[in-house]
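Next comes just one chain, in structure tokens: the form predicted alone.
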């Protein structure tokens, strides 16, 4: 963050809130002209501060309202076995996040499905087919208290 000044941080904050804002609108909010704002955004993209622009979708409307966190323990920890597990996990669209963690389990998966029957089908027909899974523990979300995609700084 040492290369970022206050204006860069304000640009990033605005883009996190609404990445569809036009350069002209963003410049007006920052009391700047469009050209320097455009150049700063391009620099922030080039330097990797901005990695992607996305649309956040409504999971309920898309019938993916059940959130499950599934902890996974591998049977063995050889490098190629872990790499194969990761390759298999990345290919499953129900898994929207995967973390390599420390503790009793090796990985934490965030899974979105329609309902309990869908989760059971996912576990029985997809997750259980992945080699080297030794143990899993599922945690079902009853209510989402806080969800944000914005980083604070």
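This is a predicted model, so every value here is computed, not measured. Numbering follows the first chain given and starts at 1.
Although it is not shown, the form predicted in complex with the DNA is what the next lines describe.
*Asks:* Among the candidate residues 125, 35, 51, 100, which is the single one with a non-hydrogen atom no more than 4.5 Å from the DNA in the predicted bound form?
*Replies:* The residue from 125, 35, 51, 100 that makes the contact is 35.
*Asks:* Which among 65-73, 38-46, 88-96, 102-110 is in contact with the DNA in the predicted bound form, heavy atoms within 4.5 angstroms?
*Replies:* In the other structure, the partner sits against 38-46.
*Asks:* How about residue 23: is it within 4.5 Å of the DNA in the predicted bound form, going by heavy atoms?
*Replies:* Yes - in the predicted bound form, heavy atoms of residue 23 and the DNA come within 4.5 Å of each other.
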